[in-house]
Ligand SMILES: Cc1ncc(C[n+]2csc(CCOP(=O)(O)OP(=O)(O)O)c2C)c(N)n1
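Only one chain is included here, represented as structure tokens and corresponding to the form predicted alone.
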Amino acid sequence: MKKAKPTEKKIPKSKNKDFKITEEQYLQLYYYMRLTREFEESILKLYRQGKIVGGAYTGNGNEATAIGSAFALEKQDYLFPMHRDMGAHLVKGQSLRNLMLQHLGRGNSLSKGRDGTGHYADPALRIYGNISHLGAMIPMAAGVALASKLRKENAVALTYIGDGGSNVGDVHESLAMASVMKLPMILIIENNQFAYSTPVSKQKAMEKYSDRAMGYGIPGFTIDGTDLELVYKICKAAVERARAGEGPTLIESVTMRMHGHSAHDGAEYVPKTLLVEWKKKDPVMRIEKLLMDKKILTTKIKEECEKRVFAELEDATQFAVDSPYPPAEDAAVGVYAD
């Protein structure tokens, strides 16, 4: 199966040429990478225990894309994450307790127990979680970017779509609008090799999804989505460009979906050799090695990070498990307008 090659390494021009990452930021990024990986492993365990109803999704292999991109945002910016972007929620400030309550469908969750996974909105953090019809998120992001521009908020809207979802008409219409109106929007195409069970070779004729950017007259980049540094720097440049009024950017992040579409899917259709190949580029292990080589991450700091991650996860899990389900009489509340 022919797959896109992450050939673009050049950082877009910007006033801030190098986007230097401080030691403190490196350690923050490492914490979010470890927390995201362990949170999703906890979700899979709870699903297998029958404590989660419906789908349980992971972004295993996609953590660097979600975290690196969201880390480029500021507090006033808008985030429209997909189901494999759990790390983006955490970087934008969402609490572990809220995320665990949401996944377990508890009455005190952000969606009041009416939905699970990332299907929620938190206006206080400017996070608007995924719609199951994923292509429909892009018009929303474009609309918010337009509203933000009219209000002079100096805010950017960041959203994502999968390789399969990028073929939906909503995506093209939104990019056409965003490009001609120079809206402060960034779209990341998460090319993780499969749209459920359909390989990318059966989805497109061009080599790279970023080639589509030329048709809209906007910058397009194809990058290695397991390289946390590269993801951050490309997205930071795109955010600055959007904030400066120069319009949207299309970024193709090439990764591998290391698990099935969701917890119920064994992904037998994925060639084992492909998984072996991408396992060598595990984004969590990759950033860990980088920080070890840079002498930023020590054994002691790593152990302290692990203790913090597992303590926070235990707290959030227990809090959610002990929380009540929504009462039956609330089933119709909020369904119809008053």
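One rule holds for the numbers: they count along the sequence shown, beginning at 1. None of these values were measured; they are calculated from a predicted model.
The form predicted together with the named molecule exists for this protein as well; it is not shown, and the discussion that follows is about that form.
Highlighted residues F71, L90 and T159: none comes within 4.5 Å of the named molecule in the predicted bound form, counting any heavy atom. With the partner omitted here, the stretch from 174-182, 146-154, 128-136, 245-253 that lies within 4.5 Å of the named molecule by heavy atoms in the predicted bound form is 128-136. This chain is drawn without the named molecule; in the predicted bound form, the residue among H83, K208, K236, R97 with a heavy atom within 4.5 Å of it is H83. Site annotation in the predicted bound form: the residue of N192, Q102, T226, T222 reaching within 4.5 Å of the named molecule with a heavy atom is N192. Using a 4.5 angstroms limit between non-hydrogen atoms, H261 touches the named molecule in the predicted bound form. Shown alone here, G164 lies within 4.5 Å of the named molecule in the predicted bound form, counting heavy atoms only. Using a 4.5 Å cut-off on any heavy atom, the one residue of 196-231 that reaches the named molecule in the predicted bound form is Y196.
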